[in-house]
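A lone chain, given as structure tokens: the form predicted alone.
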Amino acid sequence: MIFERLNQFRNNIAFIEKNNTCNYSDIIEYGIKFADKFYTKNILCLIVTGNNAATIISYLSAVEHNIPALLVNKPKKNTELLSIINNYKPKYIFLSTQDSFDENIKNITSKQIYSIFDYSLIETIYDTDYDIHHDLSILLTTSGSTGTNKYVRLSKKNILSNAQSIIQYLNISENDRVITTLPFSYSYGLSIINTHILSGASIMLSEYSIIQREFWQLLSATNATTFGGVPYTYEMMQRLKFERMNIPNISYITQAGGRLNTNLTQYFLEECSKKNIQFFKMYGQTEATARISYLEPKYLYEKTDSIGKAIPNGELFVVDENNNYLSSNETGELIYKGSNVCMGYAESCYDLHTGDENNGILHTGDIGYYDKDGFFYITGRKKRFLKVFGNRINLDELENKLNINGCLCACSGVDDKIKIYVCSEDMKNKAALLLKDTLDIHPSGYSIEIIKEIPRNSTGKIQYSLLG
């Protein structure tokens, strides 16, 4: 299905990576050989991803040939990767050939069976004593960085339907040239790959941060026409003096991964207008395979803080605590309906047999409303989640992880700023060390404050409203 579509663009350049190019015909050729190495298709493959041709080809091949795949961005520590491996017991792992020689990986390796460029497919020693549902295609992290083994279960239908909706409203074509700014194991980054691949466009594969000179040099040298980013990306671009940048080939840019504050929205609206660049704000969740809504650039002045309207073929509505539909300007939980809603969650390989538990309905956990014109707005979160630089952080999970490691604390905050409250200098130092290993985000995304005592009610529950 996918490769048949890619064959239409077989002579187009799919990837540009370190001055090397890869055509769509190469994706098909390597992808078929990759899939042929599996003695059965309904068996789990873990892909340690990077913004490179090899791992994207393996992912596309897995989706095309109905090989369930778990996408993991390379962790900082091998112990984190081994925890995921032990929990999901994949029969195959695709990772860099250099990493395959790590002693811990060699201990679970049966044999190496195929290579794409500098990546290797290895077979593991695990017995597959678990079943996998026939609709399961991809396991994707919910984008948190607290070391959880919880993944979203996505079907091929979820992936393709969301990609088609995004292609439609962004009008992506084979003439586009996108440069990567995000890991493709993150749902937003993955949607950028999916939509441009299915359109026959070219992708400039970059591992550079947008704060590095090399990123902008690559963007200019490859004549990139678009890129996407989370709120932190846009904060950095403002600091880099976006208004002074000469990027004449950029036709549009996209933003998702959390709320962009009003000031930043207005700044980019004005500067993009001067540069003749379209600026799309979007809202989504991994559970919806990426995108749920988008705001057309022409409405940015009038609806600056809105998340827009539902993507094509999707529906958004608001309900009260009893699931009754609410009218305009009434606040409740945002509910999304669409064929891109995930099958459910998995926390180990023994959850992979489960079918579709959502039936196309997603309770987003976000609180909001829609106005008289049908534009939706988010005012808060039903549960204690924050988005920090595009990563969704469960404050209860983070707090528990710190507490069980001997750091008594309370966690609060707002998007892009977690606040951890402790009661001594020793606890502050301990929290700092734990957070360095627990949160894969920049230290500017959190602060640690010393308070006299953590406020609690008569039953011992923390009163978060009394924290700063």
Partner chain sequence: MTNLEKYSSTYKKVFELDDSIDVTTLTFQGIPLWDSIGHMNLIASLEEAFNVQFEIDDIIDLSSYEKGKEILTKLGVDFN
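Just so you know, these numbers come straight off a predicted model, no measurement behind them. Positions refer to the first chain, counted from 1.
What comes next is about the form predicted in complex with the partner chain, which does not appear here.
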May I ask whether K89, I125 and H353 all come within 4.5 angstroms of the partner chain in the predicted bound form, judged by heavy atoms? no
Of the candidate stretches 399-407, 40-48, 437-445, 22-30, the one with residues having heavy atoms within 4.5 Å of the partner chain in the predicted bound form is 437-445
Of K383, K274, R213, K372, the only residue with a heavy atom within 4.5 Å of the partner chain in the predicted bound form is R213
Just give me the single entry in T304, T79, S348, S209 that has a non-hydrogen atom within 4.5 angstroms of the partner chain in the predicted bound form. S209
With the partner left out of view, is F389 within 4.5 angstroms of the partner chain in the predicted bound form by any non-hydrogen atom? yes
Partner contact for L269 in the predicted bound form: the partner chain, 4.5 angstroms, heavy atom: no
is_contact(F279, the partner chain) in the predicted bound form, heavy atom dist at most 4.5 Å: no
Contact label in the predicted bound form: K106 to the partner chain, heavy atom within 4.5 Å: no
Taking the partner chain in the predicted bound form, which residues of 242-263 have any heavy atom within 4.5 Å of it? R244, M245
